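One chain follows as structure tokens, the form predicted alone.
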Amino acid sequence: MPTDSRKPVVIIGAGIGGLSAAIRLAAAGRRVVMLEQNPAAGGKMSQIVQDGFRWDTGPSVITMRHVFEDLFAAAGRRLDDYLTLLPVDPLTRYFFPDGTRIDATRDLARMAEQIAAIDERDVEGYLDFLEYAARLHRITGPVFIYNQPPTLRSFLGVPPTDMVRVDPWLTMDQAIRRRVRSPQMRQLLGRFATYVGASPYQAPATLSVIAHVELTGGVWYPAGGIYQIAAAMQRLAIELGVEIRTDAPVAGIDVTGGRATGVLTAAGERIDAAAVVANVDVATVYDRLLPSAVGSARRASLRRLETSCSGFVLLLGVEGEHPQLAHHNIFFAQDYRAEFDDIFRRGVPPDTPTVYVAITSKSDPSHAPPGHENWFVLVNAPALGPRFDWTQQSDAYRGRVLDMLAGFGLDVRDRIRSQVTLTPQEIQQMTGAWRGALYGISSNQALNAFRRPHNRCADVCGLYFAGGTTHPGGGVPMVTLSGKVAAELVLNDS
């Protein structure tokens, strides 16, 4: 049934997926109203300013520049007029327990020199892995990334010879072990599973495509901070006539005759809608925003599905400068497999976690007072469950993370001048993420790409989904593409 184009398309949530959908819908001439529960747009992409320090609180690694260029081009604009994306080199600085350090870079000569110092045989293996990941991108991109959600028909459209070459039944770790020998390179390449909240020991080898977009395509930093992406999108959306209401939580979606006909705000206002795009975790939509009689089977199914991991975040204002650190840094735990067993099998934060530290003041000195640095510290953690109580154990786990950094010669415990802690519980409250999971359902099984909720709701006509919990998945570029798919479906159904 076509939508009524005289009424607005109402978008719940002004995160990156919602802003992407709003821009494309407005560029196509549709009236758009966005409702955001927080004081500012951006969703998980947010920022905190405190005591002279500034931190991005959500995504920290930006890849796939072309996705953002395409979005702005769809509105007849140039990305560079709204946002300055600077290349980051090294892409990431990796620290290993044995003292080895690798500066990951797109410069193959520099990368080969570092790899050869560990195991000369891995130079050839690394190049083979890059070729393999590029092939995965070519084969799977049209089916799983850049188009509408995959179907059996689209999957069967992949030539049989290509189907075999993507190793559909291997895990990432198995595919990596076939190519490199050193534990350091296996750990480095396996880390890319965490970009979608998965384990390299369970995630399908096809997710190695993530390594391609970073190691070959590069990492970008928006001048001013990651939040500038959200600010640029918001600016463009407003220019196109999108109405963005902040501090406007939604209480429910009005469903009449099986169709989404409006949105009810927490303030008691009803907004008629030609269509509704929910830029909210799909499980949360079913659990909190749809009438209980709608989609009960799917609601129960979403609750049962394994989720991606969550995260434990420390925002630290640190006195002193650390020239041994880069913009992006990883400090690997000794036993990587045990870390993921803790998260996904035991449901507890890792006993000895791998720690990620991003320091935007390396690129933007104004993000910290002179002689200080702003550390964004992230540890992968399980989604909320019964085996760990963050309200009681957060402080103790903070100490464990700082102890881990101290073990690498970075003891900053007496030099922290400002701090904010974000647990999976806070992430759930701030963003509506089901159980605090950062990427929706788990990517730890080969067929989960087909289980991911479709961008068009199967239970309610006129309801669409954008964000990291729907197709094509998590990460800022992918969420941007989810907004494109949602907008296309709205327009196609009009």
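These numbers come from a predicted model, not from an experiment. A residue's number is simply how far along the shown sequence it sits, counting from 1.
The same protein also exists as the form predicted in complex with a small molecule; that form is not shown, yet it is the one meant from here on.
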Exercise for the section: Choose from 442-450, 456-464, 57-65, 22-30 the stretch whose residues reach within 4.5 Å of the small molecule in the model of the complex, heavy atoms counted. Expected result: 57-65
Problem - Site check Glu36, Met45 and Gly475: each within 4.5 Å of the small molecule in the model of the complex by heavy atom - result: yes
Handout entry: Any non-hydrogen atom of Ala486 within 4.5 angstroms of the small molecule in the model of the complex
Key = no
Practice task
Answer for Phe376 alone: is it within 4.5 Å of the small molecule in the model of the complex, judged on heavy atom distances?
Solution key: yes
Exercise for the section: Give a yes/no on whether Val313 approaches the small molecule to within 4.5 Å in the model of the complex, heavy atoms considered. Expected result: yes
Handout entry: Residue contact check: Ala14 to the small molecule in the model of the complex, 4.5 Å heavy atom
Key = yes
Handout entry: Option touching the small molecule, based on a heavy atom within 4.5 Å in the model of the complex, out of Val255, Ala248, Val143, Ala326
Key = Ala248
Problem - Ala275, Val280, Ile343, Leu302 - the one with a heavy atom within 4.5 Å of the small molecule in the model of the complex - result: Val280
